[in-house]
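Laid out below as structure tokens are two forms of one and the same protein chain, each shown alone and named structure 1 and structure 2.
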Structure 1
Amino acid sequence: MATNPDSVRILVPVGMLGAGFPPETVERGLALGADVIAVDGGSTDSGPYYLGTGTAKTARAAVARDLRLLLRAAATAGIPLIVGSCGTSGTDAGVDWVAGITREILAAEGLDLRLATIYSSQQAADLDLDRIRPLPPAGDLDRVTLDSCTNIVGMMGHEPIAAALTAGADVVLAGRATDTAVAAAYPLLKGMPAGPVWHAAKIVECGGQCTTNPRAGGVLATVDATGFTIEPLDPTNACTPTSVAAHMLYETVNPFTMREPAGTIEVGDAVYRALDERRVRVEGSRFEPAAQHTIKLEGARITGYETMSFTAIRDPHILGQIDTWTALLRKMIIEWVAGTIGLGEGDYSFDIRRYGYDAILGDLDPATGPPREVGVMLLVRAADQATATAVAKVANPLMLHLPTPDMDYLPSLAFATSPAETERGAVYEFVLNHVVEVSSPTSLFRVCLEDNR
């Protein structure tokens, strides 16, 4: 059996596959002795649509460009490439989408790499409610909610990825995985200590976000027995103790502890020290194994169908009474919809957003004063598309000609597009914020090793 190395170097080229990176930064990472390339392919940040539909946020061509560079790099250096949360949400469809792009590139480039896919989609019927626990601020889960999801994924830790590598994979395309597991799997497999591995994995998960110039490409983390060292791939970029420590704040509720399937990362005692003007040494991170292994579940369901209409106001007279005008619009829509298509307020819902006035913050906005121009978005939601569009069309003459109560003529407002209405299709919401207790960290995931060589 091979002995463990003294250190493992993790190359993270970019925070999200498809976001792009300078090719020379990856070449530099290989020259620095990278042992593995790890990159995240997903996120829930852009909302429930991508999980709900199982489609990707990123453009196929952008994913293909990044993958081509990374597959070439992995083949050249003879090191593994790991992609997590494939296709934005990490559904089985997302894994298959990235796998399809990967196979095309491997064939076109004549690269001899063995591919593994790891599937993380879950069937509601297979999940045991008695073993599911809510995470704050969620409540208990019921069977109806679980069954209503169009897609459910389990968020894997490092274990299924490590299993794929052990089985001989050169390229691992994982379904939904924790951001950290993608970078942690290989160094853990090589016997590096859990505390530094997980902390390093958290710091590198967004690529160059932990550097002083996040737009200059990714980073290289070197994990060893006592800690880790991090440096940017671009030689003109820098990591400072502040830029590295500050990354623990980014998109985290709690900057000192983070739960993984296998335990908890504790970085409250970590010390960040500058080795020189662009490399940082981190020591003192800990990983506390959990008594019970848990897998976080993500799920989304359809909440209705939406149609959007967008008009705009420049007339200072109306803008001077924008709240009065909006209240009148709301009242007239309800009356006209009841009068023309016979729908009551329980049959549909709508939202009026006044861009340029208070659309973003609403009542929370600390600023006041009349706006110069306002875009008025009407968003209608109903149980089916035809109803949502019918309501928006009934509102159309109001969005075009509604005056303020003191005007004795009809203004014509500035629709942004023709037609004014845009059908948005099904809209989704996240409904799961729960973990499931599992007896094995790999039991919810299926590893498929392709015999393509």
Structure 2
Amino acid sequence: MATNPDSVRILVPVGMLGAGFPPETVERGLALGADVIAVDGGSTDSGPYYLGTGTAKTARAAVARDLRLLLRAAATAGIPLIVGSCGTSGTDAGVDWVAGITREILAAEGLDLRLATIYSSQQAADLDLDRIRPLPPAGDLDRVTLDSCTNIVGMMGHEPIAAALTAGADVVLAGRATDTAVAAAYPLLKGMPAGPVWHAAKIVECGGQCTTNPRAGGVLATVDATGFTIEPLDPTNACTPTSVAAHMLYETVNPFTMREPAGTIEVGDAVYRALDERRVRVEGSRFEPAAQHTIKLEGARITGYETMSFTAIRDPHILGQIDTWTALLRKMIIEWVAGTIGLGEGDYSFDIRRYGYDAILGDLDPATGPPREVGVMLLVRAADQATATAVAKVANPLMLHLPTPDMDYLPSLAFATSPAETERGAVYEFVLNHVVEVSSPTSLFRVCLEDNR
């Protein structure tokens, strides 16, 4: 009977598949004895479009480049490769997209690796509203909202990935998964304690983000019975207690706790200690199992169609009164649209964003004084594309020549493109921030092991 190892080494080459990494850093990870390669393939960071459409934000060539290097490494070392949240949002289409690239590489390289895919897309009709509860600040979910989603995914924990590995997979391509589950699955399967495993998985989820030079490549985490050690794959890079501990601030409500489907990571008692100039040791992490296993649901739906215009202002007189000019632009658009195409404010909506002034921070921007130049983005949203474009075209003369009330001449502003209007198509919004109670950690997910040997 096989015994569990004393430690497990997790190689995380980069924060997201397709972002690129120095090949030599992966080679060094193998030389250091990596037992598994784990990498995230997606995120909701880029907004709801990718989930709504089931398409990837990354270029196919970039994903193929990274996969080729990682598949070669996995085959050379005889260790598993795990990719989570395939195709950005982890839809079934995203998993199939990454799986297709993987099969092409395996065939071209002559690599004998067994592939498993894990599907996480959910059908609205199959979800029981009585077992779904909201996460703050969302409210209770109704059937109409659920049915309106173009795509719904469940966010798996480590259990479906571990099931694929147990079944004999060398390469696991998972649908939507927690970032930490991707790195936690293998060491948990090998008997490592949950506290250090989940904490280490959180720290390494973004590759080199926990180092002093995040651009230098990924990291290697070594998990054992009492804690874990983190070191960069680039020998010129370093981890410090501060750089490692700081990653618990990343995408968390509370830097001392973080919820997973199976329970909660507790790191309030963790101690971060420098072993040398490059490596950090962490001990004292705990994992508290939950009384009820839950799976987070993510869903997106179409909220309208959008047309964009972008113009630029260099006129110092307008820039000195940019708030007055913006208020006038808003007022004139409403009046001109009503007068020319007969639409009221309830028939469409629009947003004016002033890049170079306050488009990023809004009222929180501490800058004072007029800017040197400002780019003005007009985003028009309506129930159909034709209406959105019609409104943007009505606004066209205003975005080209609108003066402030005290100007006795018509300024000429600078459109960025010709035509000035760009149809952006369907616009999506996230509408699910809920969890569903499940009787089994794997019940919502489908593991498919390919018999390619």
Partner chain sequence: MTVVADLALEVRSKNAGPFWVTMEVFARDADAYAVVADPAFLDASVIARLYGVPAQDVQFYRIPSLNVVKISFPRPVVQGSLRDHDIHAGQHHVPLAMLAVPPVT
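Under this definition, the rigid core comprises the largest set of C-alpha atoms superposing within 1.5 Å between the forms. FYI, numbering is relative to structure 1, first residue = 1. Just so you know, these numbers come straight off a predicted model, no measurement behind them.
One chain, two forms displayed separately, with the form predicted together with the partner chain being the first of them, structure 1.
Each of S439 and V376 is carried by its own rigid part as the chain changes shape between structure 1 and structure 2. Think of the chain as two rigid blocks: between structure 1 and structure 2, the small block swings through 7° with respect to the big one. If you overlay the core, the Cα of L328 moves by 2.8 Å between structure 1 and structure 2. Fit the two forms on the rigid core and the C-alpha of Y409 turns out 4.4 Å off between structure 1 and structure 2.
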